[in-house]
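As structure tokens, one chain now follows by itself in the form predicted alone.
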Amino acid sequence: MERSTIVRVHEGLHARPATRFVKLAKSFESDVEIVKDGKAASAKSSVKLMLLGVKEDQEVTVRATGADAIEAVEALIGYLENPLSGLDGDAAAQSDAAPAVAESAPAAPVDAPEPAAMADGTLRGIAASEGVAIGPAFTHFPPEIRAEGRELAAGEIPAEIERLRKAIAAVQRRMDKALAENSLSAGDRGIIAALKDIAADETLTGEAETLVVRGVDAVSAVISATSKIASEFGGVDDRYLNARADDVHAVGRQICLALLGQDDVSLENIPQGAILIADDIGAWDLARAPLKRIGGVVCGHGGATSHIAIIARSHGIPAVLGLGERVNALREAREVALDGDAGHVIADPDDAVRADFARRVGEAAKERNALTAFRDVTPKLADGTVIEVAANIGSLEEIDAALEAGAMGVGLFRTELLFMRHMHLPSEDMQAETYSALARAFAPHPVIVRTLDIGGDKPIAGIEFPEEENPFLGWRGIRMCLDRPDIFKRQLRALLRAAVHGNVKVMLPMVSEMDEVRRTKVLIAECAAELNAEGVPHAMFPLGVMIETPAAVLIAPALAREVDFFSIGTNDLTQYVMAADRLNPTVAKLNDVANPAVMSAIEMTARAGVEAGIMVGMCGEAAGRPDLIPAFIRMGLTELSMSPASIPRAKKVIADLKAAGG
């Protein structure tokens, strides 16, 4: 059984997407291969898979042989065709959030040219994580592990293989323990999971064991095996995959330490605000370090797409990487200033430089603190109207970040991520508990749950989708749900059960005609009657619709008399109004919500809702744009939902409007 497809996974099968793809492949008994440009690799080996260099928009073939070959191919093809595959929950939730994400977590910078020392002694490296910092130097130069170069006698080989296997198992147990820690963020957990996958991969372990069988001691075998695989990653024409060479070396180092019975030099004692300086820092070490105490990171190795950079950016730590041998010039530094925006590092700065950096650090802190002050603010207009600023999220793991940002509830809970995470369709009980946990976390604020919005562009296991020329115009959202009442009713029953908490609202995606709302109401009534007959506690919920099709805009006055609220989905609405695919970079300039045509559609929707006396909100990421928020509020919107990172800034914009008499 085989099938070809075009890969839609964002940035291709790099570390974390590859790890999750392999995990999915391993859930099937069949032997599974993925083929690209005539080269085949096991789909159950993350190293071999990554070395294949599968990029976004490339064609691949998935081939399976075995009892569950059909199921394996369908599931893996579904993964490859899903742009959200491999993203963490928070990243997935922000996948459509270009403006907000750009402000809070900028895309990885392009790697800088060869590092150099500037005329004034400033070192130049790769600007890997934005921000400026100045603080005491904390040097981290663990001793290099050298190959023992010991030749084994034939009788020593079995014991040496066993020693190697025990060391690998010990590293995996250590990583499992780290993954179980609640202190890890979702992003850091994904990175450690990818490292664990490398440590268990047959490509690495098999290569090392082969060398031991030939009489090479285990430490030398691991060093040789990791060097070989890292070199292969370095030769791939993909900067994301080039950066995985550092991960292979980091894993190899941990295995060698386990073989030698040693622990690596700890970062536990780093002082508050110190600048961490190292030739190389393994992602494994950095992810477990006291990150809140680290003021900045300077490293000889690593690039803008390395896991060190990813961790630094996700935690807001300025970082300059890729200094090469010049990092040794910082070994004796007492104080270091670094500019993560420009990629500059200054050892023992003079008074003028120190004052300049102190000023810049202070200004950045002042801006952050100013926004933090809005965390618990309830934004109101001059006439007393409360504007709810809520969060768009896709998983329970994102709740803490939303609450920390000051979210006044959830304006969009993407239920499709709950479906995509599992090999089988989630049960009613699982869904009910998920929606209930969401409601409890944000009570008394409302949580708006979007019913399943999947289609050919977002496939899930358990639903067979037709081949479609344009999935965005096809069998998706409410259209699919109404055709599959067996799936839809299970979700509606779960939502009715969760509604007992009193703050659950439900909205329907991709509505384009009145009959879709009316048919849904019939199903809701059926589900309520069934639950009543079964004696299962439940309650009715307010029902709303997402306004994201031109048809919904044109019939908005009639829809407003049929539902309890509107939520404008600007991501899809913009692409449909402008007839421009939002995933197509060649027409990206047309995909602007500020276009007069799109703003007119939003205003028409708002007017219909206001005249009918129902709430009008917005859950597209345009809701977080400071330049557009005043216009949306003037149109009559009273709820804005966005990525958590955008919430404090949005609250400030509304507060400024009030101060100006708006």
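Sequential numbering from 1, following the sequence displayed. Remember, it's a predicted structure, so these values are computed and weren't measured experimentally.
One more form of this protein should be noted, the form predicted in complex with a small molecule, which is absent from this view; the next part is about it.
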- Each of I134, G296 and D341 near the small molecule in the predicted bound form, meaning some heavy atom within 4.5 Å? no
- Query: Hey, of 615 to 623, 599 to 607, 24 to 32, 37 to 45, which bit sits against the small molecule in the predicted bound form at 4.5 Å between non-hydrogen atoms?
  - Reply: 615 to 623
- Closest heavy atom of D453 to the small molecule in the predicted bound form, within 4.5 Å or not? yes
- Answer for T122 alone: is it within 4.5 Å of the small molecule in the predicted bound form, judged on heavy atom distances? no
- Item | Contact flag, G303 vs the small molecule in the predicted bound form, heavy atom cut 4.5 Å | no
- Message: Under a 4.5 Å heavy atom criterion, is D572 part of the interface with the small molecule in the predicted bound form?
- Response: yes
- Task: Sort through K196, K505, R414, R253 and report the residue having a heavy atom within 4.5 Å of the small molecule in the predicted bound form.
- Result: R414
- Note on the structure: Contact with the small molecule in the predicted bound form, heavy atom within 4.5 Å, among L204, I126, M546, L76 goes to M546
